[in-house]
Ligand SMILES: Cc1cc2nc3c(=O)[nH]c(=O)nc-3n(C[C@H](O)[C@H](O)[C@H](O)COP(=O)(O)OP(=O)(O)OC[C@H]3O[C@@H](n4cnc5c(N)ncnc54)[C@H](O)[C@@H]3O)c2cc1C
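In structure tokens, one chain follows: the form predicted on its own.
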């Protein structure tokens, strides 16, 4: 069977590889001279710059692609877990090292606003519910029929999908610094925290589940080697 995949971002590459593993003859079409989509690179004065995503949040999805062809991903790419995921520097020059170390996270939150520690815990628990529905249950469900989407509306409403990410975070967190910090995740996919649906709050929990990893040498190596 012949298949055509348009776009060579991570999604396009992964789709092409999965089709190839099922025996399809695959043609991958890309308008740029190199692969990567938003994850492509730019070269200038001998330096290589990531154009988009610089970290990996669910490494098992990449490992699966290699395993489809009986390849060991460690022979092609090295993913290194990061201790500090993001460093926030606020206008008053104070800093917050955002990481998977929950004790350190709680210590820093208390330093900014003791009253928000309980709200932070509730926020994490709620984003787990969004993750369980939006990622675990629905990530691989094709929404190719209106009825499929309609069936999910009650659950999505229960998860407050009508709120923005910032609005959801603000219902648990009162301090403005912490509100901005915990609602920043839509920025990772080009979204606006003030308008993007709160379903994207699942990224907060997704990071905690698998951590954040850096592809040594940059994500362009992943595209090039696959």
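Numbering follows the first chain given and starts at 1. The structure displayed is predicted, hence computed values, not measured ones.
Separately, the form predicted in complex with the ligand exists; it is not shown, and the next lines address it.
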I'd like to check something about residue 9: if you look in the predicted bound form, is any of its heavy atoms closer than or equal to 4.5 Å to a heavy atom of the ligand?
yes
Residue 55 within 4.5 Å of the ligand in the predicted bound form, heavy atoms
yes
I'd like to know whether residue 38 contacts the ligand in the predicted bound form, with contact meaning heavy atoms within 4.5 angstroms.
yes
Decide whether residue 30 counts as a contact residue for the ligand in the predicted bound form under a heavy atom distance cut-off of 4.5 Å.
yes
Can you work out which of 181, 188, 65, 26 has a heavy atom no more than 4.5 Å from the ligand in the predicted bound form?
188
Option from 172-180, 65-73, 157-165, 47-55 whose residues, in the predicted bound form, bring a heavy atom within 4.5 Å of the ligand
47-55
Restricting to 90-116, the residues within 4.5 Å of the ligand in the predicted bound form through any heavy atom are none
